[in-house]
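The chain below stands alone and is given in structure tokens; this is the form predicted alone.
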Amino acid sequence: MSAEHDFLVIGSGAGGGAAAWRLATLGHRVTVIEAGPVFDPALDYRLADADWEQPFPKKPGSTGPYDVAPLQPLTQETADIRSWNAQNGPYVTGDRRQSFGYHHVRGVGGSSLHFTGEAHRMHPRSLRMASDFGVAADWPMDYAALEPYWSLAEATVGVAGPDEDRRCPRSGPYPQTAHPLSYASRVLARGVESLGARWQQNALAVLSSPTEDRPNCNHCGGCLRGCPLTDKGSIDVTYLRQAVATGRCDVLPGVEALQIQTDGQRVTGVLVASRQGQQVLTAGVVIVACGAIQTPRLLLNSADAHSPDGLCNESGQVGRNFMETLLTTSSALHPERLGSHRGLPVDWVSWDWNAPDAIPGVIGGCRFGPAMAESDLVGPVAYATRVVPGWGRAHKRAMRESFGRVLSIAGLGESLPHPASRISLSDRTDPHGLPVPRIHSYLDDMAIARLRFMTETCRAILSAAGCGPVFEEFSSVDAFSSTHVFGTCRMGRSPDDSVTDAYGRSHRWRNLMIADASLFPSSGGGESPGLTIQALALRGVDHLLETP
């Protein structure tokens, strides 16, 4: 590793990859360091193997360390919307919410390696949660300021979407035509229509027609396990591949940032660890893109004489305003043979309740979509252990009769900041002697009301689609199980109540920029955050180059 760098990006996920691509394509030298390994789509993803039902593969270093603090007690009021399975009983047997983990990938491409490809813009009204609804904080820009960068991100990863987007204004059509719905998804969509609601084809960073050296999707449904064909627009095969091709971008896997160093006026470099030991990499500009859990950890671990409470923490907001994925899923058997194991994981979405005031009596929206793949109900092992009881010959007959008939629906909802939800430093340390991040999660009454609405709507959709009784439900009401996390270094207009300005630059350390979902002042009503992370990173880099 060279010791001196013009632009040093920490993290190679949605924000880090987009930032590196923008810098390299505009003629600048950039180095990306990534604590995790490289995943080779042709070798590491096992969708063609006999054990394809295994989850996304793990490699040494491919998950970041973290702790979860004890979660809140459960009350009897939520007993009817907790997580359970007809065959195996309740998923949470204690009297407190239980952690099922922060689901992420630490590797070149970040968690985009195992995402379903959803590529959403934020609802325009979700950017004004404080002004209009008295919760969270306003985004320090309007929808129009992000629109060209959303469009650029869609073009770069190859987003396929519907002809008409009823929710978000657009300056032009999606780069690719939307994917057709699977037969099972069409049946489930009719359930939404029966309730008087609408649905539309989902916006997905999944190619519907070949682009450059990437083929179109074959609709195998294995996105969550890694895409061996590279039609899914993960960051490694889009932004980073193009950035490296310029000859001005180096991506260094297995290099972990330990602490960011300053001279009291500017950030000067980063202490890193690799197989060669520890080393300080100096940098003119440092871009931190480690995600809403590891970014505050890195900043808090970088406390020094100039920043005794943690780097960039002059406002006391680093680690605060943590927002998680609010999720509920319901699953049931349909009387028809649907082949529900086939097709894209989330090929349609209903946005009817996505606006912040769309749920009666509740602040904060949600959305609904198919969840057979996200509930991991697309293979015979899952059916044998969670759907079809019994053993032996009768079990085999029941398996043949039941397989491909499960319909699953998911609701994803707004998560609002709460003082008890935050990221702190744990007493536990990593192999380098540095504290790991500790996740504190709390659901207030409004969150529980939102989850109740989501659960009841999921049940109603399944019934309207012609399904039998629900046999499994999973809910954030009793289970912390997050993929999308937000808000721990939020951006704003004032250094008194935010960590960065509207472009992700530290209010104090002007050569440090943050480019991940920790910037989000609000989470949105169930939107997947990847596209917005990319747009913020692209916009932030442009501003950085215009006003060094």
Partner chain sequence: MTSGKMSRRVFTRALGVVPVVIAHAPQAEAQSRILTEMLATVVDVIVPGDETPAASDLGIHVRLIDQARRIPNYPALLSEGLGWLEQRARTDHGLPFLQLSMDRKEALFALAFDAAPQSLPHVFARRVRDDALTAYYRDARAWGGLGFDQPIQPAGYPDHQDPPA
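Fair warning: this is a prediction, and the values are worked out from it, not measured in the lab. Positions refer to the first chain, counted from 1.
Beyond what is shown, the protein has a form predicted in complex with the partner chain; the following relates to that form.
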| Heavy atom within 4.5 Å of the partner chain in the model of the complex: which of 425, 303, 470, 220? | 220
| Heavy atom within 4.5 Å of the partner chain in the model of the complex - the one residue of 247, 390, 210, 264 that qualifies | 390
| Does the partner chain come within 4.5 Å of any heavy atom of residue 67 in the model of the complex? | no
| Is there any non-hydrogen atom of residue 182 lying within 4.5 Å of the partner chain in the model of the complex? | yes
| request: Verify the contact flag for residue 381: yes if a non-hydrogen atom of it lies within 4.5 Å of a non-hydrogen atom of the partner chain in the model of the complex, no if not. | output: yes
| message | Residue-level question: is residue 432 within 4.5 Å of the partner chain in the model of the complex, judged on heavy atoms? | response | no
| message | If contact means a heavy atom within 4.5 Å, which one of 57 to 65, 22 to 30, 42 to 50, 475 to 483 is the stretch that engages the partner chain in the model of the complex? | response | 42 to 50
| task | Would you mind checking 1 to 39 for residues with a heavy atom within 4.5 Å of the partner chain in the model of the complex? | result | none
